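For reference, the chain that follows is the form predicted on its own, supplied as structure tokens.
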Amino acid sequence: MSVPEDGAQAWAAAWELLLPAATAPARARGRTLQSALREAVRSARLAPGTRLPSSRELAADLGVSRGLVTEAYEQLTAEGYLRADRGSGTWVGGAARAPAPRARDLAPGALHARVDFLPGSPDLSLFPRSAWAAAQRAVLAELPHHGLGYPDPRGLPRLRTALAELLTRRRGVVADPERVIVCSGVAQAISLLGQVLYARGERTLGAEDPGSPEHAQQLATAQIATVRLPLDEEGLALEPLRALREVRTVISTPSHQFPSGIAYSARRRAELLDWARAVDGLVVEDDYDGDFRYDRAPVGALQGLDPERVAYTGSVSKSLAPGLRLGWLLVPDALAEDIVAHKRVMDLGNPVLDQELLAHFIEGGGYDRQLRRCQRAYRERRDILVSALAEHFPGTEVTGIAAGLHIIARIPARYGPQDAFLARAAEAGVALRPLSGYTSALPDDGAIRLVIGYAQLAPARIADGVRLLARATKAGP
């Protein structure tokens, strides 16, 4: 069918609606064609301004008489669905209006607050757009045509090698590129582990309390339940874990526990690995923000102590942007083959261009520069937040400040009760998350315990936000 370029795409979208006219009984073909055209215009499959094929062309394609098409065009023109311009053909008119479909945005964090202190987000304005664009141009220029084919489901060898070198240097892991699996963030890594462990007969995993609710949700997709295990001042408490005979795998955040902010002690790390060896089990280490330690060198990853008993995962969600959906999973040799098999079935591998781009960025030193830039910015913001809380909420205790992108604030009971405090904050447009959202095991002392994220806010905005919170809760001067 010869259709002008300006209407070809719209016409193709509605073409299938006209096909019944070609197979309808002879007496009904005219009515069927008119009805199909009318519906195509009404539903916006044929948008206003779309030029239709000539009556001769449409009749030939449908195998009907030209007179039948001409009659249909004339009828719909009279009704206002079409318009005919002498010498220039027949067009879709503008009288019919179908409601335009609207796409909802279900992205998390679509919160319209004046000040957003919710934890978990980096400052996306720090994303290195210029350096990333330069790396993208370089990758597109150097990537051979065959490189755009289906990739190794584990990830491109170039990226796995770059990640192995990076993680060995920065996080102290034992990283063989053959056991590095590129994933769509930590979420996919945990889901993959859950599927493999379920296939091996595991039905329950241990998880920290307090801890990340997302871990339980991700494991639930693999039909694995989680049992919450308490912490003490050194990390995950071992006695409750040892008492659970059915649990042989535990998921943890030992370098910077989420959300409490503690780092597991050396003794507790050794005890946790001893438990894993004794039960022939596994520790899943979520190193979600291991590079962000401000007052001394980062604590090395647990995986470096026993790579055969620890599955290690991390991502660029905090260092670059969560929207990149790039992460990694280092697996013990005993799990590698099954993990790769599940990854191949799940998605046939991650996008090639994104992998090449991240590899290029790491190899050229861009990733290390980005981490240094973020560390400087986030250290400043942490200090401003701690000072502002001390000024406007005297007596507040802050913990978990040595690393990461959030703190735990214990605000004295005189500013409570907590529910009223949170309600007044919300009315003022200050978004907060209580520690009770991560655990139910809290002292009943009336104090207000909050998990306050600060990385996503500019320094001045942090100070203004605490000041606004103080006024809203009648705590400030």
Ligand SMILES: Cc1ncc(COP(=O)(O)O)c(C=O)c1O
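Worth saying up front: this structure is predicted, and the values here are computed from it rather than measured. The numbering used is simple: start at 1 and walk along the sequence shown.
Missing here is the form predicted together with this ligand; even so, the following discussion is about that form.
In the model of the complex, residue 212 approaches this ligand with a heavy atom inside 4.5 Å. Taking non-hydrogen atoms only, residue 307 never approaches this ligand to within 4.5 angstroms in the model of the complex.
Interface membership of residue 187, defined by any non-hydrogen atom within 4.5 Å of this ligand in the model of the complex, is confirmed. Contact between residue 194 and this ligand in the model of the complex is not found at the 4.5 Å heavy atom cutoff.
Among the residues 325, 228, 392, 342, the one placing a heavy atom within 4.5 Å of this ligand in the model of the complex is 325.
Between this ligand and the residues 396, 315, 260, 303, the one pair within 4.5 Å by heavy atoms in the model of the complex involves 315.
None of 381-389, 284-292, 68-76, 344-352 except one has non-hydrogen atoms within 4.5 angstroms of this ligand in the model of the complex; the exception is 284-292.
Along 147-173, a non-hydrogen atom within 4.5 Å of this ligand in the model of the complex is carried by no residue at all.
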